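Quick heads-up: it's one chain on its own, the form predicted alone, in structure tokens.
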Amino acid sequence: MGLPPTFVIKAGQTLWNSLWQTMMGSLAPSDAQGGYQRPASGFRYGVGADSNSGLSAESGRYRLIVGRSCPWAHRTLVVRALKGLEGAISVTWAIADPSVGGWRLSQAFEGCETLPDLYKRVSPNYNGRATVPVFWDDERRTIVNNESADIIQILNGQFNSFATHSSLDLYPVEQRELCDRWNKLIYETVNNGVYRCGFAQSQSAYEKACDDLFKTLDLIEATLNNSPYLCGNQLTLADVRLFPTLIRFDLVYFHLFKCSRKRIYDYPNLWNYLRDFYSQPGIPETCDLPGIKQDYYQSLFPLNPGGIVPLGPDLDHMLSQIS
């Protein structure tokens, strides 16, 4: 049998394009050129003596609400593991669930079944996105912060009294200027860059995002010729912010987000860097690789309407191979 009649194909294309644009408009708002625009976070309170929130750092008072597939949430789990804060900061899991239009809580929390419900309980007039990660205060029963860049600094600097690895400083004063430069570039072109590729709604927006992404990956590859980490000989928050994107790249972004010029595996320095980071104590436990792949391929319906999850690559095996 051949293709359906031309009018059926054209009608199907028109209907799907209309539905796709409607869904993408909600999932990934764009500018006039079709480029993805990530909305700003709505809760930006700090913790500790140098914050204006009045919140003190206490063991057992705060929790992270995170989803396994979200790279922004993943970076908070990475800092929690590197600092050894598992005993001080608890975790509540959210599950990507298209049927509720976002994150569903793994179990009822504060009388809420979904993350949007929790946001509304905290702030009834809140009209922003209900995103992970959430840094939650169990004492005041409210959201402290939902910006991952803030949360990882809070975990790095404000909870040393309760950290197993309190001497580890991921944001040392002498490296902050360089770290901040990397953070800005990596956010714009890599962390958000893969989403600018995957969520682009025009060819030109996609090509610009893809060019920016691989230009930065090439720069990082060259940088790693001379040092094991982005800012020298020790891990910093710049590396923490890069790692969750790299670990998802060959697994998801290469195919699903059309970031298909090269794999991370094709960059010798970046691949060794990724394997080194993955081998740090506690880091593999933050990486649910099968779950990450399942969430992306089954939850982002506009990008993969059939919901079929590819069998490869076996990233866990590749990362654990002896070089």
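Keep in mind the model is a prediction, meaning the values are calculated, not measured. The first residue of the shown sequence is 1; numbering continues from there.
Omitted from view is the form predicted together with a small molecule, to which the following refers.
Asker: Quick one: is N183 in contact with the small molecule in the model of the complex, heavy atoms, 4.5 Å cut-off?
Answerer: Contact with the small molecule, no.
Asker: Does any heavy atom of I154 come within 4.5 Å of a heavy atom of the small molecule in the model of the complex?
Answerer: So I154 does not count as contacting the small molecule.
Asker: Would C70 count as touching the small molecule in the model of the complex under a 4.5 Å heavy atom rule?
Answerer: C70: yes, in contact with the small molecule in the model of the complex.
Asker: Check whether Y171 has any heavy atom within 4.5 Å of a heavy atom of the small molecule in the model of the complex, and answer yes or no.
Answerer: Although the small molecule is absent here, Y171 would stay clear of it in the model of the complex, with no heavy atoms inside 4.5 Å.
Asker: Looking at Y206, F162, Y195, F109 here, can you tell me which has any non-hydrogen atom within 4.5 angstroms of the small molecule in the model of the complex?
Answerer: Result of the distance check: Y195.
Asker: Exactly one residue in V122, L224, L105, A130 has a non-hydrogen atom within 4.5 Å of the small molecule in the model of the complex; which is it?
Answerer: That would be A130.
Asker: Where, among 80-88, 132-140, 225-233, 211-219, do residues come within 4.5 Å of the small molecule in the model of the complex by heavy atom distance?
Answerer: It is the stretch 132-140.
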